[in-house]
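Take a look at this one chain, the form predicted on its own, written out in structure tokens.
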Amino acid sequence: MTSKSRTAPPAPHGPVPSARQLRWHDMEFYGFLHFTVNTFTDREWGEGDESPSVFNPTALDTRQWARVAKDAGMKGLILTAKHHDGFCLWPSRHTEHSVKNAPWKNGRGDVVKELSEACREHGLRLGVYLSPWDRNHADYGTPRYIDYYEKQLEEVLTRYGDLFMVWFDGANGGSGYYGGARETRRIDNKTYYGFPRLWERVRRLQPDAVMFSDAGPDVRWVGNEHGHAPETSWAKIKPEGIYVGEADTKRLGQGEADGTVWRPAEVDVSIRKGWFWHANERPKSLDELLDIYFASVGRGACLNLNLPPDQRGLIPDEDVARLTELRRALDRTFGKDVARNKRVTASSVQGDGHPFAPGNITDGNKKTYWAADDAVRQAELVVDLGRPAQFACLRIEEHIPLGQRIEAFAVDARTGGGAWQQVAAATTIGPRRILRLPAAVTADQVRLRITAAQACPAVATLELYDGGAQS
């Protein structure tokens, strides 16, 4: 009989993800919906003096939003329930500045409710963004506003079912209407909102939701809005010196190899130049969106792609067409995994090799994994494809319930004549690393070399795809 010590998994290394974070990692790709009075005033940031009467979409259809997102491969949608202008897309009991005083549906509409129902119908998860900064409210900058914000937050967290994310923005304080004062108000973003207390409320009311901000506490901003994570991306970071709206963007992007908390990055970017719809803007090209996908999802982050509805209340036709092109391109790229169920050998295996066998990386089950012996920091795995096969894109995942461990790796292909050729190399892997090769490669064996690791490597997946050839 094998002893327990020989079959025990490797010890976790550093911080590890929570159950809610693991569910978020698995989503990979979801959407943002920026839609409010700004859509009708052609602005990005409203001053807060906009009349609710301007909010009057002619054909608002949240089921179209959900259908478009689902068809694009997204797993969820996050709605800007309140942006900096303070206008609420639900009939809040605590302000008149909301849809209840808009001509849309004669003041009886609730965009958040309609979207929550549409997401359930289409199998999507719902998230909300409730801006802490409010350029409409007369009490902003005083303790009375915090009481107001907490009441609004509780409304949104308790009325619309389970949420997968609560999104907090870092834009805090400045000029605004503020109930007619029309002045500039500054706040101490480190203390004013009392974020630890807000986070505790979210935990209590939505225990399965992750929270996003510069400071997390579950998911961090990647540090830019261009659509990319750095080449080296750690899911862990040191929380000291990071506040909502105030942080070193390089630290946020890369994370830290010696990070003490698991706080992975989200890449947020709009399909258009602006976050809100503007008639003079067009969606990004297919090539741009593909580059964004591989520089975000492909570097271990989740991609939050903004889809701004137009003045009809619909995602524009040209944006829908571009998303359809993106889905087709990704389906082609990841059409066939030529490594699936192929035989694998390894230079080292944890314990007696069961249940951490090398073949776990090609079995299609992300919950199984290969692990090297505890003392190993460099290792090799060889996948025997059986006969020459072409691939042009590869995907590798660590078994992140044990933490992020790998610092650098390379991939070699055995091509004609039995010679090995390095075809890819990179640094971190973490939740996933997806690499496009400059050209398709034909090989009968592929070798993954872990060249540096903080602890014995543990790899869940190596997939080799035949459809991502670059012309």
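Numbering starts at 1 and follows the sequence shown. Remember, predicted model here, so these are calculated numbers, not experimental data.
What comes next is about the form predicted together with a small molecule, which is not displayed.
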Seminar exercise, completed: Given 386-394, 294-302, 163-171, 314-322, the stretch touching the small molecule in the predicted complex at heavy atoms within 4.5 Å is 163-171
Exercise. Can all three of 32, 45 and 268 be found with a heavy atom no more than 4.5 Å from the small molecule in the predicted complex?
Worked result: yes
Problem set entry | Partner proximity in the predicted complex: residue 129 to the small molecule, non-hydrogen atom cutoff 4.5 Å | yes
Exercise. Taking the shortest heavy atom distance, is residue 284 within 4.5 Å of the small molecule in the predicted complex?
Worked result: no
Exercise. Hey, in the predicted complex, is residue 83 touching the small molecule, heavy atoms inside 4.5 Å?
Worked result: yes
For this session: Look up in the predicted complex whether residue 225 has a non-hydrogen atom within 4.5 angstroms of the small molecule, and give yes or no.
Result: yes
Seminar exercise, completed: Picking from 369, 90, 275, 149, the single residue whose non-hydrogen atoms come within 4.5 angstroms of the small molecule in the predicted complex is 275
